[in-house]
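Listed next as structure tokens is one chain, alone, in the form predicted on its own.
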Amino acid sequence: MTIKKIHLKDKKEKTPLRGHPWIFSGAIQDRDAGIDDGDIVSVCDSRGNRLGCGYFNSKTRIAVRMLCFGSQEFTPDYLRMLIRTAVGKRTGSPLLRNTDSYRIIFSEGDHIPGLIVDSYAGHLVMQCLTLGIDRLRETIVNILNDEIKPASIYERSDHEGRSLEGLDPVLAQRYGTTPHDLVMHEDDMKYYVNLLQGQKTGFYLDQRDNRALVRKAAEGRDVLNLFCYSGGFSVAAALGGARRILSVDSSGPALDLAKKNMDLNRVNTPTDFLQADIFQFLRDETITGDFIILDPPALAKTRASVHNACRGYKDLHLQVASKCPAGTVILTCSCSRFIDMRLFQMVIFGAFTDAGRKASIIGKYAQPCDHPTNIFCPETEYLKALLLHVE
């Protein structure tokens, strides 16, 4: 079957030649007739030289997401190779020996744009984020079954970004039976995970390294865990020897799960749970905790929302900086790829300046090894965290 072609404008070939997988709509000069959204197309420069191939969608600003470059053809065998390579990087990594749950395919980070697959104790959760990947679903499921032989595969394609692709949410069992109450292990910590309804694919796997950091740093401290969700940081702090813990979240069900996770780990640390809006909580309450964890959901989900997100981040840090006692340690995180580390640090700098407080950055952290950053696509670096010491 002949693959139809898209031609780029003159001098717009530099991006794919450098291995970046995104072709924006404004870079396209013309395309063959009859190309449908979701089709795999050959991408050529203005002189007709082939640059690779990817899948096309006229509805999105990123019109083509590249699947391979140069003369390489995209075939089911090539897709199998990409999946096998991604799985091999995880199963062979000494950095993941102490957990049974990790991300095995991370979209552009593993050269399969639009596909997320997480493994929880042998049960897979997949997300098809784009139309091109949506059309490859059956092939992907078959390859995952062949290569991994999972206990089950559940599709959680409910990411809001699918609407930009012209897609409705999809929740479906693709293989086996996925349990409602699965227990995952991370070091000697245990967590209940709801794969069918929980945040993301069920748990914040990308905060694994920061949970280990919290466990090391929490000894003897009063911990305030804001946006605690299911209590991952709270469990880590308790097992690290925290003096007491207050976990705050706006969601009642999340707090119920956090309580279950503390019980599951037989935590003896004095622990309280509070349902509250975090922004209002910080305005109304006195802060006595000397180890504060700030891990809000992505405040900037689009580039257009960066300004308002920065106002939100500054508000959070201004309240904390104004009220926390001297000697407080703060772990603060942002999971928005539209706010890079430099901007995140500038926002925090502004908050501490306005509060009249001094602080030092004593650690900088990013996403873990199972969420790799594609060296040719820096946009895949999204998670950033700072460890601060307040004077």
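Bear in mind the structure is a predicted one, so any value in this text is a computation, not a measurement. Note that residue numbering begins at 1 and tracks the sequence as displayed.
Just so it is clear, the following notes concern the form predicted in complex with ligand SAH, a form of the same protein that is not shown.
Asker: Pick the stretch from 227-235, 178-186, 99-107, 259-267 whose residues have a heavy atom within 4.5 Å of ligand SAH in the predicted complex.
Answerer: Correct option: 227-235.
Asker: Decide if the three candidate residues 199, 207 and 251 all line ligand SAH in the predicted complex, where lining means a heavy atom within 4.5 Å.
Answerer: Judged in the predicted complex, 199, 207 and 251 all sit within 4.5 Å of ligand SAH.
Asker: Is there a heavy atom of residue 134 lying 4.5 Å or less from a heavy atom of ligand SAH in the predicted complex?
Answerer: No, no contact at 4.5 Å.
Asker: So in the predicted complex, is ligand SAH close enough to residue 310 to count as touching (4.5 Å, heavy atoms)?
Answerer: Judged by the heavy-atom cut-off of 4.5 Å, residue 310 is well away from ligand SAH in the predicted complex.
Asker: So, residue 76 and ligand SAH: in the predicted complex, are they within 4.5 Å at any heavy atom pair?
Answerer: Contact with ligand SAH, no.
Asker: Is residue 147 close enough to touch ligand SAH in the predicted complex, meaning at least one heavy atom pair within 4.5 Å?
Answerer: Residue 147 lies outside the contact set for ligand SAH.
Asker: Check each of 241, 166, 169, 297 and return the one that places a heavy atom within 4.5 angstroms of ligand SAH in the predicted complex.
Answerer: After the contact test, the surviving option is 297.
Asker: So which of 153, 318, 82, 278 gets a non-hydrogen atom within 4.5 Å of ligand SAH in the predicted complex?
Answerer: The residue in contact is 278.
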